[in-house]
Ligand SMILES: Cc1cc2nc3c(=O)[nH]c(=O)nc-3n(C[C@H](O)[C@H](O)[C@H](O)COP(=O)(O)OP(=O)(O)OC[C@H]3O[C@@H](n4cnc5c(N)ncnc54)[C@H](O)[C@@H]3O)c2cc1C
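Below you will find one chain, with nothing else, as structure tokens; this is the form predicted alone, and questions on how it binds or moves follow later.
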Amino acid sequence: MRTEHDVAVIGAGPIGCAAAIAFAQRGETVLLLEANPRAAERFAGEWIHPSGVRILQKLGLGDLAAFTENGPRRGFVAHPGDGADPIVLSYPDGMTGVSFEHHRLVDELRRRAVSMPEIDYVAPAKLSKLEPVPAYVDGDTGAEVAINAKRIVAADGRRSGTRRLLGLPDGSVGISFMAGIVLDDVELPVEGYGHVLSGLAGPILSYRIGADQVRLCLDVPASATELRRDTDALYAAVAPALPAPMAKALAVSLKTRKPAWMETRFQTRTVYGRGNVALVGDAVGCTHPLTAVGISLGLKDVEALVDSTDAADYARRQRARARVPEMLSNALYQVFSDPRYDARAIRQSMFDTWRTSAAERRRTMALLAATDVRGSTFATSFFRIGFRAARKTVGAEMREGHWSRTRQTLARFASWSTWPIAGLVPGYRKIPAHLKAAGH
């Protein structure tokens, strides 16, 4: 193995492997380190939006789409839960995404990275220090080995050890807990699409990960400890929101295997590294997985980093590109999870708008796919949906003569108006108060 490299990549998950491959394709030598090769077996990102697929194709990895069972992913289906028909939200212009079990994606990317002569892969190997000379500990021998590389790329996840060694604070905030459950031999209501449903405990995301398997992602509040301990209670909170075949498959799954739980966290994407160390993927920041944007944003980090002239140029590019996807994730999660009447009104207005407006469906999916990251697009969508909800709710209260309640309702909807305003202010990130870490 070489003793000097152009680039050292910390973390061999999907983003770290993509970064290693991208630099190797430019003729640069790469040291790829992975502290825990089995970490890929955990419940983690499995959906890639069209913007991420485009970058995979740019890296010569477009044939990864062949791993997608039952064809490409064409968008999402929203289930209002009010007895009305589901709403099909397709990606614009025929674009498609992919989804597959996390470890299959990582295993294939690692295989391709290791096959490239420019890449030296070492595992297990944990970064031990950045100063005065960067080094890692070889997990097999216990020896500390110096890293001789011109630049370091940290792709070691939301609990990034590299970030800590840089002296950057952990500004992440816990949001909720999510259970990852595999359903066997069940059909989705509309194949080729992800599905978003409103459960009693929290939003539900479902998508296919194999020819005979569907992933069910169940979001529950952090305070709902009983649902994490008692599978019967979890089933009772979730099953009423599911189509009958999926509810039956869930009952079978809960009897045969335990749910894979993970804590969902938020950290705003504002710090992209320091000196010759660049952060990518969840090491930069993370959002709630309801919008499934994590891997796609990480791939966009890799694309921007490889094309940037220096670290400052990389940070400048990605702060602008990641702002709207981050706000969209926070806004949609608040709309789907907040039980208060104003959030319910906005959620219903969103469903009504999607159902009646092809233009709004297209705009929403361009934002979700991260192919349109303009703040003006986000602001336009949110304003139209929010204004429609406020007008309907306030109008009903005024007709019924509830004047005191009308003032309170107007105040509640006024708080939501900060979302479209944030979209119009360049560089500004709207972060809900409950997602702000102490000191932010």
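Note that residue numbering begins at 1 and tracks the sequence as displayed. No experiment lies behind these values; they were computed from the predicted model shown.
Just so it is clear, the following notes concern the form predicted in complex with the named molecule, a form of the same protein that is not shown.
When the named molecule is considered in the predicted bound form, only one residue from 203, 194, 157, 86 comes within 4.5 Å through any heavy atom, namely 157. Although the named molecule is omitted here, in the predicted bound form all of 45, 281 and 292 have a heavy atom within 4.5 Å of it. Look at 37 to 45, 381 to 389, 404 to 412, 56 to 64: in the predicted bound form, residues with non-hydrogen atoms within 4.5 angstroms of the named molecule sit in 37 to 45.
Residue contact check for residue 145: none of its heavy atoms lie within 4.5 Å of the named molecule in the predicted bound form. Proximity of residue 19 to the named molecule in the predicted bound form falls outside the 4.5 Å heavy atom cutoff. In the predicted bound form, the named molecule sits within 4.5 Å of a heavy atom of residue 102. Residue contact check for residue 423: none of its heavy atoms lie within 4.5 Å of the named molecule in the predicted bound form. Residue 178 is the sole member of 159 to 178 found to place a heavy atom within 4.5 Å of the named molecule in the predicted bound form.
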